[in-house]
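There is one chain below, alone, in structure tokens, taken in the form predicted on its own.
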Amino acid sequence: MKTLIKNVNVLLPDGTTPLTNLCIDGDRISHIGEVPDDFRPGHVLDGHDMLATPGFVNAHTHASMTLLRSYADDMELMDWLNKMIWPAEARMNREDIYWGAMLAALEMIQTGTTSFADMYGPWMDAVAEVVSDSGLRGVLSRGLIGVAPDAEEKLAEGVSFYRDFHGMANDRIHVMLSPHAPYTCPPDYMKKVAAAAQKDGIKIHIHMHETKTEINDSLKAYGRRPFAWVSETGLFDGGATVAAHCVHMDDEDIVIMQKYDIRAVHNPGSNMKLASGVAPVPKMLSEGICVALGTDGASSNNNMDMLEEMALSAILHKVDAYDPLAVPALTSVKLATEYGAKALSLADVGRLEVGAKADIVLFSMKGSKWTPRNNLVSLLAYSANSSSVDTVIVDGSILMEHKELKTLDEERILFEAQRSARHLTNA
């Protein structure tokens, strides 16, 4: 199908926002500028008073944790996990995973996210079903707890999930292996995950250096910081590892990330709410490390709104560094789009340019938050909120048009998600 978005301000990779036309042919952007005489669109969108941006890439989340939103707030991370979250998750069944992920998909589409990386499990096939049905792009992985009695079984399950689902849904589903974290996966288990990943060429998604406790416990147990000893297990040897959080970093950690092309995912909302600390994003960027943005799970954030994460990423680092230039507006937008796509190894995603995937969000610029329009990138980063999301396109297919959902039944999803949450939290 061919789609024309006419007379729209387009956010180009260099940060300019010219008023122009955007042509979509199949799943790709075919032209930006004058519409070719032979381009015959089957659908036309009027871009007047609209800003077209790349779709947001949520590079780290736990989608089905939407069911635990507001369930366990204002707690320290390990108490939150051990006393509240993990016991509730143990009660989840496949139906819960499905409806939790559906609730996440609903929220993501309505807030402009087109791609997401999800670490969760079991029943990741249910999340793959959600990706297929919703039209979103998903990078999925079955979370692996190395200290669990069934750890080896779950590793085999993760590999089978890769073999069965990687590349499915017209290549909108990609699969990684996800050892949960150094504090739940000892060295011997990390070596087994590394061997399995390298055998099939599977990329890694892991939590790293989220809290001071994680660092201190690692020093006591292994005499090394987590990045140091995990690198010795071979886990990073395949390159392009996605490392969520990366809050507590030193120079040696940065060198390891550079050596193995490890991509960091900054989760400012979750890190602030759980009082985990402030990731050294400006330093990582200056050292050439790819830094993406993620919401983390909705039980620790408490939403999946990437526009909010963009604003937090820009503002947090200014005050942390006492530097108004620490993370400029355009950089925060790239964290949520272009850099997120790179972090997840999504080819031709995250930029609006000819030949790129047609993953596009149209923001309505009507209203007070977009007036006056001195700088559209600045307005997007600092002023806009997700209520401005008007239309969402993934792979050239329209998932939401003028706020009307095309692939999801909102009323059904809200009902089923509430029902699932009730049995998890009232047990």
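A residue's number is simply how far along the shown sequence it sits, counting from 1. None of the values given here were measured: they were computed from a predicted structure.
There is another form of this protein, the form predicted in complex with a further copy of the same chain, and it is not shown here; the text below is about that form.
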| property | result |
| --- | --- |
| Output flag, Q110, L274 and L312 jointly within 4.5 Å of a further copy of the same chain in the model of the complex, heavy atom basis | yes |
| H402, H43, R373, R28 - the one with a heavy atom within 4.5 Å of a further copy of the same chain in the model of the complex | R373 |
| Contact residue in the model of the complex, chosen from L103, L335, V242, A117 - any heavy atom within 4.5 Å of a further copy of the same chain | L103 |
| Interface stretch in the model of the complex with a further copy of the same chain - options 265-273, 189-197, 158-166, 128-136, non-hydrogen atom within 4.5 Å | 265-273 |
| Partner contact for C23 in the model of the complex: a further copy of the same chain, 4.5 angstroms, heavy atom | no |
| 4.5 Å heavy atom contact, L81 to a further copy of the same chain in the model of the complex | no |
| Contact flag, A417 vs a further copy of the same chain in the model of the complex, heavy atom cut 4.5 Å | yes |
| Exercise: R351 in contact with a further copy of the same chain in the model of the complex, heavy atom 4.5 Å | no |
| Residues within stretch 301-324 having a non-hydrogen atom within 4.5 Å of a further copy of the same chain in the model of the complex | N301, N302, N303, D305, E308, L312, I315, L316, K318, V319, Y322, D323, P324 |
